[in-house]
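Single chain ahead, written as structure tokens, the form predicted on its own.
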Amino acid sequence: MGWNGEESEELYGVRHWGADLFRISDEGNLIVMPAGPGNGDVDLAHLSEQLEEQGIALPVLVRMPQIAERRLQLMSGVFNDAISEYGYEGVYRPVYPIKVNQQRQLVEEILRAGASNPVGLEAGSKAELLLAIAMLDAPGSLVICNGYKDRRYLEMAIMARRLGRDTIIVVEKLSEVQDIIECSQKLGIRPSIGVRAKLSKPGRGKWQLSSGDRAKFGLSVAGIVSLVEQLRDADMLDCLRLLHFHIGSQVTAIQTFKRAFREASRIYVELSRLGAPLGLLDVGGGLGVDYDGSRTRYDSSRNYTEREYAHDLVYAVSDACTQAGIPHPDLVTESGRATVAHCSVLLFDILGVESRHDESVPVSDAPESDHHELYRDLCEVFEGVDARNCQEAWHDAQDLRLRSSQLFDAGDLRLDELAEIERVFWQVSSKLQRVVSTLRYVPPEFATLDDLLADTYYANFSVFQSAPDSWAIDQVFPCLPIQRLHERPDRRAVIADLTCDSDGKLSKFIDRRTVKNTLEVHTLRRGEKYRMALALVGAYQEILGDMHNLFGTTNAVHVSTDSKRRVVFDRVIDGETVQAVAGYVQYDRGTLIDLVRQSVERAINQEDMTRSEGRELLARYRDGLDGYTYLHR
């Protein structure tokens, strides 16, 4: 039977998680449409070839800011529709939480994309606040100041109002209120203040403790009332402009949002009745990304759409405020993950493969008499495998393997004999796998057979640098080849990275019904590069990436399509060199070279190497320090 791109789209879930951004071409390559269908295609296989021709080696992170623009347009569209449908009196004001991905070029693109509906920035630290003040200059754009704050943070946020920045200091702890009052009086500038409510009902999923009684940030109802009293006493209640809450990242169930919207709407109404002018309701982040395309409440998915999210929020706030007879507030969201996750794709090449079952050496039909008895018995098991006796054959093979291990430990089996027995055992396993795949009922003994026989494909990237959430919180990202997708994949594999760490691998892959432990891949061809993609890595992965084994940031390229549907390289950003990452851990280039030069001189003096060999070694050492931290073939 043949195979085509549509079957690969279903196998790898492209048509589900890819929405209208990804597809597979007739040529069998993975395609991205950053500006939308019909507005130009980025063929990732061709792109990787063009990059390597220009000396830009894989791994490379491909960023497509046009996707962020489309995501912002989507959110504005669904909110405007909901506002129109419910006769809502406020407007939608998007804010991008800069912590999700602080890369300057991407932030610039996001701010430019908000020309028709200005995008604000959320800062969760002093450093992020300073970035936001510099980057954001559009009238009407908000700077939401969250996180821990010292006096310098507060003074800078308040003084930035003189520059026309609409900075809103969100009170996370009650102790901050007096500091804000004192800084305002010292500077003679009235601030804009918000308050983060600690909602009574926690969210669900990995970040459920971001809300509820045990939340790290936010004020309880009693704390909010105390804040109002303190501001009233200081004649600053008119400065309280915003109510904020946050129920966690990657919220998977719409019911979690529905409950939060209702509770927050009631708090907003009651704050207005206490005399706070408000005017802004900030529902924070949490809008999920359907990483696996299943549209479920699974941790890597969500069971709702952007439209349902927007309509539920607008309806809840409209209903509460209309019944109370108070003006509808402007609605603020901080949907960072949903804005930028789709923007980035990591491209990497496969360096080699390790397979348990080598079928290049056939099992002998008539084992020679000098082979060990256990080897001959396993050969008989191999020849006898069929659908009727597969369970018995599996039991026999496992028993013979166990006995061979025991004999080897006792010194009664040579290493070469054990190797022969191991080889035949894996060939028996492989033959059983083919037989079992034809059965209507698969005995439970074979439930792990596919995982047991999976190849290891060695990949030129670091999980800890480029996909840390896959290691830290078991986040599942779409992973698939970028070429040969019109061919039926004939192997199953886990993807091992370059790091010297057993956790440095991808061994969980998306599936519409569950998570699978192996990925369908193709047999490697001698002399032909095999390239793969890890998609939807635009949110958090770059900034969370660490320096395990001193693998630095990868090469990066910003790609777009123009009005003539041509692919344009907007920016190329070199990945870090060995010298750069060594500097992070206090190794000086000159000192390192000098230490090696001293060793070279000693070796020459001891006649362990020639002068020309010494020069060559030092030249290679310098080149190594100036080179890419990843492998370059």
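When you see a residue number, it is the position in the sequence shown, counting from 1. Note that the structure is a prediction, hence the values are computed from the model and not measured.
Below, we refer to the form predicted together with a small molecule, which is not included among the displayed structures.
Proximity of S76, Y92 and L313 to the small molecule in the predicted complex is absent: no residue of the three has a non-hydrogen atom within 4.5 angstroms. For the candidate set S470, S466, T167, S249, a heavy atom within 4.5 Å of the small molecule in the predicted complex is found for exactly one residue, namely S249. Between the options R337, K198, R531, K149, the residue in contact with the small molecule in the predicted complex by a heavy atom within 4.5 angstroms is R337. The chain is drawn here without the small molecule; in the predicted complex, the stretch among 452-460, 94-102, 234-242, 394-402 whose residues come within 4.5 Å of it by any heavy atom is 94-102.
Using a 4.5 Å cutoff between non-hydrogen atoms, P329 does not count as a contact of the small molecule in the predicted complex. Using a 4.5 angstroms threshold between heavy atoms, G538 stays clear of the small molecule in the predicted complex.
The closest heavy atom approach of G218 to the small molecule in the predicted complex falls outside 4.5 Å.
Residue contact with the small molecule in the predicted complex: P478 places no heavy atom within 4.5 Å of it.
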